[in-house]
Structures are given as C-alpha cells and as structure tokens.
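Below sits a lone chain in structure tokens, taken as the form predicted on its own.
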Amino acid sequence: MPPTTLLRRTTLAFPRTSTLSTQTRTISAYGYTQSKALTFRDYGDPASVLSLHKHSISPPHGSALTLRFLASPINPADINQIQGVYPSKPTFTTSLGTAHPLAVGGNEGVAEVIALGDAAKQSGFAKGDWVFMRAPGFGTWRTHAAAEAGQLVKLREEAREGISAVQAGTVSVNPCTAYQMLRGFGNLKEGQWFMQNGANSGVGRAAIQLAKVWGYKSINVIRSRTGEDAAQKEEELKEELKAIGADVVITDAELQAREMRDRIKEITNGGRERIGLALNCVSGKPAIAMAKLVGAGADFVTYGAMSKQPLTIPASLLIFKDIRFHGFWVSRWSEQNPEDKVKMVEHVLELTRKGEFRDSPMDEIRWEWETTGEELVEKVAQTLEGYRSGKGVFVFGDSTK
C-alpha cells in the first residue's frame, strides 16, 4: 500500500465548538482534510446521477486554499446543469481521488478559508475569510474544497457584519441578477415604472425590494393558482409581495385579458407614465402579452424561460414600438465584471443590515458530517419536484475533517 494512502487514513478526533453546530472534528495526523461532496459522473436526472463522495484534501501550498463551506443554495440552474441542458458546464475532474472524472453540484455559496499557502496570503486572503466563487462550475455542494486564489472573491470583513452565512451564501445569483437588470437596462429614473413576470421568484422578490429602495414603481405578474382555494392563494401572494414593496400585482390570466390594456392605462396615470423596462423569466405567450404593454422604446430583458416555450416576437413590436429585446445571464456578467459583482454583493448585504432588503423564503437543509447521501439527494429532488415552500439551502455543520 502506498505511503500516501496510509497517511490519508490516519485520523485523530478532537472536539470543536462552532456557531453553526457542535460536532466531532477529525483532522488527519498529517494535515489532510476530509470532505464529502454531492457528485455526478454523467448528466441526467439528479435523483439518478447524484451520489455522496468522500475524499481527502492535502494541505494547501503556494496559491492554494482549503475551504469549509457554510451555506450553498439549490438553484434551478444547478438542476439544469446536472441534467446537461445549462450553457455553463460543470468541471469534471479526477482530483477527488477517483479513476473516472466527477463533477460537484452547485454553483452558488459562501465558504470560509480554513488553511492557505503563502502565495494565497500574499494575494490578500487570510484564515477565517468568507469567499465566493468567481465563476460558475466550481461545485459548491460539498463540505470542503481545495481552491486556487484566482478562483475566489473575498467578502470584506466590514460587509460581513450582522450577516448570516445563509444571507451571504444566497446573495450572488438572484439579488445580483435583479440588481444588474434594473440598473443596466431601461435607464429608469425615480418614479418610473417597470414590469416583470415570475414576480414571486427569488429574482422577482429581489427586484421588487431594490426598486422600492431606488424609487421605481413595479407591475408584477404571478402565475394563476388552481384548485378550490385558488382565489385565496392568489390574494395572499399578492398581499405578500405588496408587503415587500410591490405597487401592482396581477396574475398571468389577468395579464392576457382584453381589459388589461385599459387597466394599465389607468395605473400609469392615463398612460402618461411610461413603462420603460420589462423583466422576463417565463417566455411564451405571457411574455409577449407583457411586451405589448410596455412603452415605445422600452427595454425587454429575458433571463429565463420557465414556461419552456419560445419567445416569438411580433414584428410590430420591433418596427412600430422599437422595443429593444435583450438577454441577460448573470454568470457571464459576473465573470466579465468581478469587481462590480463584489460591490453589488456588498451593497445588497448593506441593505439587508439596514432592513431594506429581506431574504426570500428559505428552507434550510442541515448538512452534518453524518448526513447520508440519500437524504441530500432527496432534498435536491424535492426542489425539482416543487415540494418546497422556499429556496432550498444546504447549511453546513462544523464538519471539518
């Protein structure tokens, strides 16, 4: 048996207390850290291809760092990536100690630096720092990871004050998507209108709250409910969104009704107040119904297609209304603008501290060292099936190994 194999299997147990949980800490006698990760070797349905993999991480040298993850959400894009239908591809690697390349699920999260090499220290990192991934594809559904300094973005100590790991771990995708679309398109001024569908999504809720901070007014479209208590559910959701700053909330059925044009005219002061921006994550016919209601020269930004229907644009909207149609993908924007991304994250966290930005509903999923792979995979599958009241977020216990 090779000496390195013996080294990795030699462990000593020490107790450790953490603000997240109290667990047994096991550190290799030679500095190796044990990690568990939700991995896959082939694309497919998450319930079929995901499995829990345990591996060793060697002590970091040079520009390398060892990370302990604190919180990692389960986003729809993560599911699509595992299925192999997302533009951003995961990193398949044999560095986790397997003969066949594996990829780790998840793209968003916050981790703590627990060890680092000298070059990483010279790059400005220190033990205890909280960090984000600079680009998608790294894999955040794991207890620990080895990373290079160039793969990470540090959250300043001041920005962490009063912020939980869950808040920090869920700020870099949905809130930043809403932030950049509102600021980067439409050239909205205080008091002006924008319109969005998917208003009760993470991005939608973030857009409502950021718009309130900046003085924009919003018309928000939600999906019509079904069943005996559909009307009550719709009304409750409308009131919930209004409570965080929505000005107007309508259903997609109301959006496509004939009388909606007159209602929008009434809402916008007889049509004198222009709707200069539309945010679309649904696509299909409801999206075009929304596009027909915005003002001439407005920006229409698509960042999703939840209906799985194409966005078929009538020529009249291009010719006679001069509506400008755009696509937005926060992953690409973040890679191209890392410094602006950090400033954006810190601004949202500042608003959170002030009470001006509220978390979307969260379903915290505890991931302790003893948590089984079956339990974790089931939680991912529940996200795919929609059996969750809020965004699923893996919250890691003190599982340093």
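Position 1 is the first residue in the sequence shown; the rest follow in order. Keep in mind it's a predicted model, so treat the numbers as computed, not measured.
Quick note: we don't show the form predicted together with a further copy of the same chain, though the next part is all about it.
- Site annotation in the model of the complex: the residue of G227, G162, G327, G191 reaching within 4.5 Å of a further copy of the same chain with a heavy atom is G327.
- The partner is absent here; in the model of the complex, the one residue of A119, A289, I313, I114 having a heavy atom within 4.5 Å of a further copy of the same chain is I313.
- For the chain shown alone, L255 is not a contact residue for a further copy of the same chain in the model of the complex, no non-hydrogen atom being within 4.5 angstroms.
- Although the partner is absent here, I319 is a contact residue: one of its heavy atoms lies within 4.5 angstroms of a further copy of the same chain in the model of the complex.
- Although the partner is absent here, I323 sits close enough that one of its heavy atoms falls within 4.5 Å of a further copy of the same chain in the model of the complex.
- Remark: P90 does not count among the residues lining a further copy of the same chain in the model of the complex, judged by a heavy atom distance of 4.5 Å or less.
- Partner contact region in the model of the complex: 80 to 88, out of 256 to 264, 80 to 88, 219 to 227, 105 to 113, criterion any non-hydrogen atom within 4.5 Å of a further copy of the same chain.
- Residues from 273 to 312 that approach a further copy of the same chain in the model of the complex with a non-hydrogen atom closer than or equal to 4.5 Å are S283, T302, Y303, G304, A305, P310, L311, T312, in the order they occur in the chain.
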